[in-house]
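So this first bit is one chain, no partners, the form predicted on its own, shown in C-alpha cells.
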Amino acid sequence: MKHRSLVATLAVLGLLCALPPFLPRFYVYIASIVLLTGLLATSLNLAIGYGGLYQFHHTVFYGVGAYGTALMLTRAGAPAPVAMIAGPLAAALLSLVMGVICVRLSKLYFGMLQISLGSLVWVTVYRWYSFTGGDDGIHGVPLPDLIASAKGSYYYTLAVTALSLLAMRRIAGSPFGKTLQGIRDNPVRSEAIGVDVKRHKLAALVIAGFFGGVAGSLFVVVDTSAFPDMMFWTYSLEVLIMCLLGGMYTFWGPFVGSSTLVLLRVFVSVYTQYWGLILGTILSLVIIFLPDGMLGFFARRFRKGEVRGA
C-alpha cells in the first residue's frame, strides 16, 4: 500500500512539474494559486481535523504571513530568503499569542474568541495606512529574478508546498499527531492518562499557523501583493468549506477540496457573479450527501469493498 502511494505521489509531482511549458501564463498562475490554497487548507485541517480545534479564523495567519514577507521586502529591504521565513514566523508567533488566550476555552467559545482576535488584527492592517497600505494593500513587491516570472514562481510554490505537505504528513503520522487525534476524540480520557492537553493543542495551533503563514508568503511570490481581504473572516469560512468538501478526517481531503473550489470559482465566475450562492449550495449538499467529504466517502466505500472481498 505504501509503495502504491509513493508511486502515485511521484506521478502527480512529475505531472505538476511538466505542466508550465504547455499552459498559458494565466493557467500557470491559477495552478500556483491551487497549490498554495491547498497548503492553506491542509494547515487548517491539522488543527481542526486532527486536533478538533474550532479554528474559525485561520486566514488571519495566511494574511500575516503574506504581510510579513511583503513588508520585509518593501519596507526593510531584507533579502528574499529572510523575508520568506519572516512571514511564517510572524504567523506562528501570532498563533502562539492567540492560542495562549483561546486554548483555555473549548469548541464554539474557542472559535468565537479567535474570530474576535483575528478581526482585531484585520482592522489594524486595514486602517494602518502608513505601514500596511490600509485597504489598498501592498502591490508590486520586488522579487529575485529566479522567481519573478510566472514559471519561476510556480516551481518555487510547487517545491515549498511539496516540502510543507511532507512535513505536515510526518507530523500527522507521528506520536504527537496520534496523541492529537486522541485529544480530539476524547480530551477527558487523554488528560486522565497524563497527556498535557492544552500544551498539545497550543503546539498544534502554532504549527498550523506557521504553515498557514507559509501559504501567505507563497501568495506574495505568486501575486507580488498582499491585501487585507486575505485575512477577513469570511475567507476563513471558505477555507473551512474546502476542508469539509474534501474530507476533514483525511490528510489529502482538504487539498482536494481546495483545488475543486478554486477551479470552480475561476471558471464559474465567468458565467455568474453569484459565487456566494453557489458556495452555500455546495456546503449544503456536502453536509447532506457527503458528511465525510469526497475522499472520506471514497475511503469508506473502499473499506466496505475490502470487507466484502474478504
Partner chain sequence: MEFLSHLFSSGTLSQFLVGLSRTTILFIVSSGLSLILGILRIPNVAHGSLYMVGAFLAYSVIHLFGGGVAAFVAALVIAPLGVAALGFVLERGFFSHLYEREHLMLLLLTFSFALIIGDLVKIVWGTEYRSVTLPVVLQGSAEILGLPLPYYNLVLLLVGPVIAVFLWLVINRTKMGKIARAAAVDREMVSAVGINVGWVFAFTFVLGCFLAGLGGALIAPMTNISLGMDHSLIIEAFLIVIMGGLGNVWGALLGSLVFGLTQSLGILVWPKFGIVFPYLAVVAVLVFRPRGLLSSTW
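On a predicted model such as this, the values are computed, not experimentally measured, just so you know. Positions refer to the first chain, counted from 1.
One more form of this protein, predicted in complex with its partner chain, exists but is not displayed; see below.
Chemist: Since the partner isn't included here, can you check whether its partner chain sits close to all of I115, L120 and L237 in the predicted bound form (heavy atom within 4.5 Å for each)?
Modeler: Verified in the predicted bound form; spot residues all in contact, yes.
Chemist: I'd like to know whether F176 contacts its partner chain in the predicted bound form, with contact meaning heavy atoms within 4.5 angstroms.
Modeler: Looking in the predicted bound form, residue contacts with its partner chain do not include F176, since no heavy atom lies within 4.5 Å.
Chemist: Would F210 count as a contact of its partner chain in the predicted bound form, using a 4.5 angstroms cut-off between non-hydrogen atoms?
Modeler: No, no contact at 4.5 Å.
Chemist: So, Y54 and its partner chain: in the predicted bound form, are they within 4.5 Å at any heavy atom pair?
Modeler: Judged by the heavy-atom cut-off of 4.5 Å, Y54 is in contact with its partner chain in the predicted bound form.
Chemist: Taking its partner chain as it sits in the predicted bound form, is Y249 in contact with it (heavy atom to heavy atom, 4.5 Å or less)?
Modeler: Yes, contact at 4.5 Å.
Chemist: Which residue, L163, A76, L108, V188, is the contact with its partner chain in the predicted bound form, using a 4.5 Å heavy atom cutoff?
Modeler: In short, L108.
Chemist: Counting only non-hydrogen atoms, choose the one of 141-149, 193-201, 166-174, 100-108 that falls within 4.5 Å of its partner chain in the predicted bound form.
Modeler: Heavy-atom contact with the partner occurs in 100-108.
Chemist: Across 267-285, which residues bring a heavy atom to within 4.5 Å of its partner chain in the predicted bound form?
Modeler: Counting only heavy atoms within 4.5 Å of its partner chain in the predicted bound form, the contacting residues of 267-285 are Q273, Y274, W275, G276, L277, L279, G280, T281, L283, S284.
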